[in-house]
Structure formats: C-alpha cells, structure tokens
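So this first bit is one chain, no partners, the form predicted on its own, shown in structure tokens.
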Amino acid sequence: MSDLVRQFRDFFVSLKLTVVLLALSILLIFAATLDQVHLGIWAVQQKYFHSFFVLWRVGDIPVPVFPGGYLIGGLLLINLVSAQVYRFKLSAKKSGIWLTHVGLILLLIGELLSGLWQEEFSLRLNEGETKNFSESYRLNELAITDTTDPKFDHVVAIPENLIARSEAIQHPKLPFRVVPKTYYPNAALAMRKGEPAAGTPPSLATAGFGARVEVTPLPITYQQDTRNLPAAYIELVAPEGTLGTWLVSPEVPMPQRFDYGGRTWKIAFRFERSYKPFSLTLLKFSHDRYAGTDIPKNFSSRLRLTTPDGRDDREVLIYMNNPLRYAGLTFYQQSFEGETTTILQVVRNPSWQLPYLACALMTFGLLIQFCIHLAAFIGKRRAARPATA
C-alpha cells in the first residue's frame, strides 16, 4: 500500500475525525436553531442541513462559511464505514459493536434518502368533495389547460423556477410560446381604485382581468404558518403574433379563459399538484371538543377510497395517530377548517422504514455488547472466588 493511500485511510479511520465532525454537527444545529426564528423550519432545512455548505451573501455573491449537513453527514458516513472495515474485525466479542455501527450507518443513509426523496403535500376536502390530487405547501406551477374535450383536460404544468428565470418557454404540446415578463416571488393583489399609488408597478396585462388589478410586491416570508403567494405577468406568443399578457397568481381563485386555434384554454398560477391513481371522497368530518370549551379533543375524517378500475372501493377512517397508508403514501389528519372541511397531510417517503430498522439494530447491538461484557464480568468473579478461598 502506497504512503498516499495509507494517509487517506488513516485520515478517514481516525477517531479525531469523528470527534471533529460531531463537534461541527453540534455547532451546525446550534446555528440553525438560532436562525430558525428568522427563516422558519423549511428554509433552515434547505440552508443548513440539505446543503454541502452554509452560504452567506456578500452583496450578490454567495460565500460558503460553514460545512452543511450533507458534507458533515457524508464525511461521518465514510468515517464510520472505514472504521468498521479497518478498525473493528468481525468476531463474536465485537458483534454488538458491529450491529450498533451498522444501525448508525443505516440511520445516516436513511436521513440522506429522506432529504432527497421525501415529499410533503396537503389535501383539503369539503364534505362530499372528491379529489385525486394533493397540493404542495411551498411550490407553485403555471398550468395551461386545453379544455376543448368535455371529457378530458390536457394540462401542461410549468414549474415556478422556470417562470422565475424570465426566459421564453416552448412546450411541445403548446401551439404558442410562454414568455414570462415579470415575476414577483411574493405579492398581494387588490382591485385598482382610481390612479395607482406612487411606487406601484404599472400593469402589463393586456388580457384577462389583470389590467384592473394592482400588484404590490412583498418581502419573502419564511414563517411556518404562512406561505408566499407569487405573481407573474405571462405573455403568450403564437406564430402569427402575441395573444396577450395575463396576470397570474395563486391568489386568483379561478383560471382565466381564452380561445386560440379553434380550442378553448385556461391559464392559472396554482399550487403545485401531485395527481394520484385513486380518488378520496370526504364522507364525514367529526370535530369533538372538551365539554364546555372550544378546545379540540379529537378530529377525524371518514373517507371513501376508490380506484378507476374498481379494485378498491372502501371506507377509511383517519384520525390523530391513525394515518392511512396506501400506494406508498401516508395520509395524516393535520388540521381542519370550520365543521365540514378537513386538511390532510400527504407524505411520500420511500425510506421511512430505515430509521426504525436502524434504531432496532443499535438497540439490539448495545444489548448484545452489554450481555457479552456482563458474562465476562461474572466469569471473572467466579474464577476469583476459589483463589481467594
């Protein structure tokens, strides 16, 4: 083995590296906890834990100032695997340590996969309403829908990050180009009353109701219980010329309609949707309170789950600590509005079983190692008794 390879091996196997990485993890968690007051939990996760470096902006230039969660976790994973291979030889006396380390390695891998794969959406249902899609908490999309066919809608969804680039988009299923003119990551809409106020951006809309609406840009919010409502002016350009410019925002409840090429279209800026191969119908929402108070005691949703092929058609009950697991998704009872509207949290996490397996292995490994040391201790005590006598 060459000296260079041996130096790399010794560096990653080193116990000093483990101590340094654990110290950096503590500092990262401490800084993220302090910054959570300003950014909120979702922004803190992206900035500190789901990144290789924590970035601070110096002017318009992002500067790395501290290792992020992916970098620290990745190095700690390599350190554990290297120590497992080179430092701890597999034997009966070390079996507990091996199982504990394998469990810790699985725990790190599970957190990495959860950060990469986990998706969270929200499903809001009124009593009697049926939906086959859920909506994102933070992401939005521009939806352009061909509604000519009365039996089926052809939807083209463009992610918000593409709209934010303000670059022309030509989708193969659209007979026109989508040209974002102006984009606001967070804005408030209000009907115009007379002349626009000083400092208010002029309306660029030439179609739809946008010319009558005043757009007020707002600072981006990071609070957990609020969300950003973006707005954008979108121009549609056909081969023969412009079709108009629309003001779109998730704050607008109804899509705007227009005709082109003998077809009927709708355009809307909406919360990003995730469609499912099944439907849920809210049959009954129950909201129990403690007697004589308005304090919620329990709330539950009785739903009907159906699939287009008819294989599944059954009723399910979702309440606190009793979610529905179906088709790789987990539906939790999250909140409610009024007496007839339920809000479900929809989570997709293919690696959700790894943390349970990791904790079981670590517990079993520590128990085995404790029993091995206990048996050795009892054996020494028994061997020492005849000598003492």
Partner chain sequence: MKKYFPVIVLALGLLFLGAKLLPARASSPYDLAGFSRLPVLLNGRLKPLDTVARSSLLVFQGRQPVTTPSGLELTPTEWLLDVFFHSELADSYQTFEIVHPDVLALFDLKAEDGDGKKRFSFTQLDKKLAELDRQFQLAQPVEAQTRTTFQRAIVQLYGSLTAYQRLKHTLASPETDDFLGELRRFEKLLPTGVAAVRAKQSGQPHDTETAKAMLELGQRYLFMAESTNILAVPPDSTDAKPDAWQSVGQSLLGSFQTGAVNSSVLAYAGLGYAWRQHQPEQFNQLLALYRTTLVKPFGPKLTKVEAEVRFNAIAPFYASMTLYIAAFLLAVISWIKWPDELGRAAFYLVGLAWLVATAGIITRMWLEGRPPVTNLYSSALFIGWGSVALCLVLEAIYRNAIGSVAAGLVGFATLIIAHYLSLEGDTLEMMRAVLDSNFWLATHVVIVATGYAATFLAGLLAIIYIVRGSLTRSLDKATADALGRMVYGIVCFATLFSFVGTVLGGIWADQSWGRFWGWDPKENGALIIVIWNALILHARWGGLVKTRGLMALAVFGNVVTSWSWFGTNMLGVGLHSYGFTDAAFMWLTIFVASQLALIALALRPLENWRSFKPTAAPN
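Throughout, rigid core stands for the largest set of C-alpha atoms superposing within 1.5 Å between the two forms. Note that the structure is predicted; figures quoted are calculated from it, not measured. Positions refer to the first chain, counted from 1.
Omitted from view is the form predicted in complex with the partner chain, to which the following refers.
Comparing 307-315, 110-118, 184-192, 228-236 against the partner chain in the predicted bound form, the single stretch with non-hydrogen atoms within 4.5 angstroms of it is 110-118. Proximity to the partner chain in the predicted bound form, defined as a heavy atom within 4.5 Å, singles out one entry of 258, 299, 98, 278, which is 299.
Residue 11 falls outside the set of residues with a heavy atom inside 4.5 Å of the partner chain in the predicted bound form. Proximity of residue 290 to the partner chain in the predicted bound form: non-hydrogen atoms within 4.5 Å are present. When the partner chain is considered in the predicted bound form, residue 53 lies well away from it, no heavy atom lying within 4.5 Å.
In the predicted bound form, at least one heavy atom of residue 41 sits within 4.5 Å of a heavy atom of the partner chain. Contacts of stretch 2-37 with the partner chain in the predicted bound form, defined by any heavy atom lying within 4.5 Å, are made by 15, 16, 18, 19, 22, 23, 25, 26, 29, 30, 33, 34, 36, 37, listed in sequence order. Residue 165: CA moves less than 2 Å between the shown form and the other one after rigid-core fitting. Once the cores line up, the CA of residue 326 ends up less than 2 angstroms apart between the shown form and the other one. Core-superposed comparison between the shown form and the other one: the Cα of residue 279 travels less than 2 Å.
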